[in-house]
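In structure tokens, the next block holds one chain alone, the form predicted on its own.
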Amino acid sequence: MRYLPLDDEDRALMLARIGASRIDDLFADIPADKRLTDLIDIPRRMSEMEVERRLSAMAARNVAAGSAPFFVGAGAYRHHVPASVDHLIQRSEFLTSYTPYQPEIAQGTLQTLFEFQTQVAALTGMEVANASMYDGSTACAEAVLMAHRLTKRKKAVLSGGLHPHYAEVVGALADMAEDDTLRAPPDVLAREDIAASIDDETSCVVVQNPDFFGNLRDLAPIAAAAHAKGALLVAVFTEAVSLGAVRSPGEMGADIVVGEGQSIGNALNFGGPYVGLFATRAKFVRQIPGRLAGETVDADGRRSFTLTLSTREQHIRREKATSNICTNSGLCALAFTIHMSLLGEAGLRRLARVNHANAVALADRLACVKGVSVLNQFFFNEFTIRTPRPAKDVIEALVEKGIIGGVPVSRLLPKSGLDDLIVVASTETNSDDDRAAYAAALAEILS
């Protein structure tokens, strides 16, 4: 029997108490075309063995990233994750640990969080980092809210090179808080004058580097323009490996740095779970969301760790909390930390160089295909190409030839008119044979 503890009378009483006329009112913020109108077309009951068969058949329709030449990026990247990472995070003391509600007895958890924070601060060129967030998009939105608190202003300017998902998350929170968000149009060639949009009401300007289209940007002039108006620069990245080669956001004057850490230690998993990175200047530490693990000594002078800052609604009054995100991605953060420890600085820089070289090699090959043009002048391991046919059709044709060729821009920006653009990524996992196969298949499709 299905476990349904509430009857119709119970539901009516609950709805009346909160002032809703029907259950659908609770989902009014979800667009109508995204809501199911009926039950999913699957049998109401099946045996365990039948369920296994059905789900296995559904899963078999997917093409695993490792089973074909794979060039998808746009915020989620395929990198090699050493087997030792998975082995270590599956140890029971790591796999079962959760939020350190009693930090004095969670020394192992606190130490791993402290090491994670240290690595993130070093990578981003900032002075302090928190103990992770859900993912890059929510970290970006939290950075905007933090900038509002610091500047006492309510307007955020979003670059046209910001990942569309990140911009949408920022917009969703802004709508709920009745804040003002100015989202610039898509900036394919990194030519926007974002500084011109910064005024005396702006709390922050949000710029991604490398941006959604793969362009590398100099954040220093934007930081200077923002600071001249009393605003903050929020620097965003979606590819953490790029920090092994690209000048750090902190060096370029960023006030808050946020991004996605999936590239390091965390394999592609159908969209998650991922780990949000969040770093800032020490002077802003009181407004940082989430929690901070700190290093100290105990009564006997031994090295120990503690929760230095926990400005979350689970620890303090809701109205005093800096974030209503009530947990972090602890296991993903640990995977990040282990992988970073195995790489070290030299290893990360070497990995970044290989990524860049592979992307350059692929761009050179694709640029030789008739009708294809590479739009980026400078990029890391991701770039945008223009094709003479609609990008979504080209990608589907590539799939038929066993090539996962990238992400059509129209998939993430459906009303932008950029239907002929594909964002392509090439990491250390791509071989020269993969790149040759891509170029050959693309040439055949467009011939």
Partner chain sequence: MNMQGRPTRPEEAELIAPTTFTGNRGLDMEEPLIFETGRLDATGVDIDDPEPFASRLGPHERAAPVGLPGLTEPECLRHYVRLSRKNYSIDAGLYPLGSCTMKHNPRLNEKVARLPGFADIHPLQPFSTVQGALELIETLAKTLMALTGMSAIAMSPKAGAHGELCGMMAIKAAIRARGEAATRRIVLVPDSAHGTNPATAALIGFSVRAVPADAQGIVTAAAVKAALGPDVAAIMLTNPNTCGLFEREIVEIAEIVHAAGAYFYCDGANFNAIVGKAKPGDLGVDAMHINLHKTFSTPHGGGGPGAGPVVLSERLAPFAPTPYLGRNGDALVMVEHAEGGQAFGRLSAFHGQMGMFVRALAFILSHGADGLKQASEDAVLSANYIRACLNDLMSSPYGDRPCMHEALFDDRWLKETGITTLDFAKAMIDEGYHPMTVYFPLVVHGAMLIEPTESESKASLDLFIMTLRDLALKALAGDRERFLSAPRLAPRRRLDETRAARQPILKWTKPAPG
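Computed from a prediction, not measured in an experiment: that's the story for all the values here. In this text, the rigid core denotes the largest set of C-alpha atoms whose superposition between the two forms falls within 1.5 Å. Positions refer to the first chain, counted from 1.
Separately, the form predicted in complex with its partner chain exists; it is not shown, and the next lines address it.
Among Ile222, Ala74, Leu162, Ile198, the residue placing a heavy atom within 4.5 Å of its partner chain in the model of the complex is Ala74. Of the residues given (Ile194, Leu243, Leu366, Val188), Leu243 alone sits with a heavy atom within 4.5 Å of its partner chain in the model of the complex. Put simply, Gly371 is far from its partner chain in the model of the complex: not one heavy atom of it is within 4.5 Å.
Though the partner is left out of this view, Leu351 does reach within 4.5 Å of its partner chain in the model of the complex, counting heavy atoms only. In the model of the complex, its partner chain lies within 4.5 Å of some heavy atom of Ile89. In the model of the complex, its partner chain sits within 4.5 Å of a heavy atom of Phe305. Using a 4.5 Å cut-off on any heavy atom, the residues of 194 to 218 that reach its partner chain in the model of the complex are, in sequence order, Leu216, Arg217, Asp218. Once both forms are fitted on their core, the CA shift for Ser431 between this form and the one not shown remains under 2 Å. Once the cores line up, the CA of Phe378 ends up less than 2 angstroms apart between this form and the one not shown. Once you line up the core between this form and the one not shown, the Cα of Ala64 stays within less than 2 Å of where it was.
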